[in-house]
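Here you get one chain, nothing else, as structure tokens; it is the form predicted on its own.
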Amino acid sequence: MTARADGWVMIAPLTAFLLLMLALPFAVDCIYAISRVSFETLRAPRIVGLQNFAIVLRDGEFWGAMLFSLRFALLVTAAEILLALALAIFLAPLLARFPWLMAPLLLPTMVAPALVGLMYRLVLHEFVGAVPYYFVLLTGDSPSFLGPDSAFWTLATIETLQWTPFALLILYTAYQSIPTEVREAAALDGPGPWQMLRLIELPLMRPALLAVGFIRFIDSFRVFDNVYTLTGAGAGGSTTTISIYIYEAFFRRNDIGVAVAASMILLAVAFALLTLVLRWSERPA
């Protein structure tokens, strides 16, 4: 058997798995996206063409959810990258000496987002939460952390606190992988710490920065678990993310075709962003 044939044999199980677990559900979703379908008609969808996409694109709630998700994802991604980069540089000597410290730093990422949401809901609850209680005790008043005026910032803070360690792990690894010879050669020109970071280290870390930015942006853009457990759609839909919009269309309005069409639009946006990131990462530094 030739090497080429051996290669086909080796990848056959993985190919079959992907076709079974990804291609088949995707094909069903494509059919549902262009059909009028509910739980009662799952086995007999009625083809309506692009009508579901038109409904979604004309829906103000959809664009409100997209805007909320975009603002949320941009803010959270920027905050996580900046915090993780600062921590990676600041903690580099300590982590190089005691690598085991990375384990406790990663603990927040090991907790399910839904559980994190429930935990913060108890801590920040207006009537029974510990944080509002001490605010009232010390200042006589307490902000409504989960109210419509503060919910966005509360959700962004919680998401940042949970997932900054993930960005820290990747950026610290990228920072440590910069060859010592490069730093020593650059040091001969006498640059300051800021110049070293801006002109030498950050360009070499660009692939890692782009990867972290893309992963965290997409993950934050489609966030569902902790937002749903903390505030749900919020007062007047003030905290409706695109994932919550799809959930409500699917399970509450029983409009599966519209929900799948909205998810297809989300998939197309993610694919376009991935293409841009890959092209940008291939450009010379």
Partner chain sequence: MKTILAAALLALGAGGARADVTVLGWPGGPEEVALRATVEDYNKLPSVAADDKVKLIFFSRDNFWDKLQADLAAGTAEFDANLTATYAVGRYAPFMEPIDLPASAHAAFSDGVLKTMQFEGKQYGVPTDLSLHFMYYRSDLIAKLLSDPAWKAKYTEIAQAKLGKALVPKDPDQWNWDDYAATALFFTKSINPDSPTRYGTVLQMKNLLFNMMVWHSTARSYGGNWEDTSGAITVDGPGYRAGLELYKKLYDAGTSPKDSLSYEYAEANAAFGSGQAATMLQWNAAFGDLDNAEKTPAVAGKIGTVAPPAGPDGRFTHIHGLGLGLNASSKHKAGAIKFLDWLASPEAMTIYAKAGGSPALQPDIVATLAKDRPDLVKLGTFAGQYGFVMNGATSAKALQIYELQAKEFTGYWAGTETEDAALKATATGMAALLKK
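It should be emphasised that the depicted structure is a prediction, and the values quoted were computed from it without experimental measurement. Numbering follows the first chain given and starts at 1. Under this definition, the rigid core comprises the largest set of C-alpha atoms superposing within 1.5 Å between the forms.
There is also a form predicted in complex with the partner chain; it is not shown, and the following applies to it.
Checklist entry - Does every residue of Thr109, Pro193 and Gln195 put a non-hydrogen atom within 4.5 angstroms of the partner chain in the model of the complex? => result No residue of the spot touches the partner chain in the model of the complex.
Next on the checklist: Considering non-hydrogen atoms and a 4.5 Å limit, does the partner chain approach Ala233 in the model of the complex?
Outcome noted: Output for Ala233 is yes: heavy atoms within 4.5 Å of the partner chain.
Checklist entry - Is Trp100 one of the residues lying within 4.5 Å of the partner chain in the model of the complex, judged by heavy atom distances? => result Contact with the partner chain, no.
Checklist entry - Can you check whether Leu42 is within 4.5 Å of the partner chain in the model of the complex, heavy atom basis? => result Yes, Leu42 is a contact residue.
Next on the checklist: Taking any heavy atom pair closer than or equal to 4.5 Å as contact, tell me whether Tyr228 reaches the partner chain in the model of the complex.
Outcome noted: Within the cut-off, so yes.
Checklist entry - Residues in which of 158 to 166, 207 to 215, 172 to 180, 117 to 125 have heavy atoms within 4.5 Å of the partner chain in the model of the complex? => result Single hit among the candidates: 117 to 125.
Next on the checklist: Going by heavy atom distances of 4.5 angstroms or less, which of Pro203, Pro104, Pro93, Pro148 would be at the interface with the partner chain in the model of the complex?
Outcome noted: Looking at the other structure, the residue within range turns out to be Pro148.
Checklist entry - If you check Leu74, Ala187, Leu82, Val136 against the partner chain in the model of the complex, which one has a heavy atom within 4.5 Å? => result Selected option: Val136.
Checklist entry - Taking the rigid core as reference, does the Cα of Ala112 move 2 Å or more between this form and the one not shown? => result The answer is no, as the C-alpha of Ala112 shifts between this form and the one not shown by less than 2 Å after core alignment.
Next on the checklist: Given a superposition on the rigid core, I'd like a yes or no on whether Val182 shifts its C-alpha by 2 Å or more between this form and the one not shown.
Outcome noted: No, the C-alpha position differs by under 2 Å between this form and the one not shown.
Next on the checklist: Is Val128 displaced by at least 2 Å at its C-alpha between this form and the one not shown when the rigid core is overlaid?
Outcome noted: It does, since the Val128 C-alpha is displaced 2 Å or more between this form and the one not shown after the core fit.
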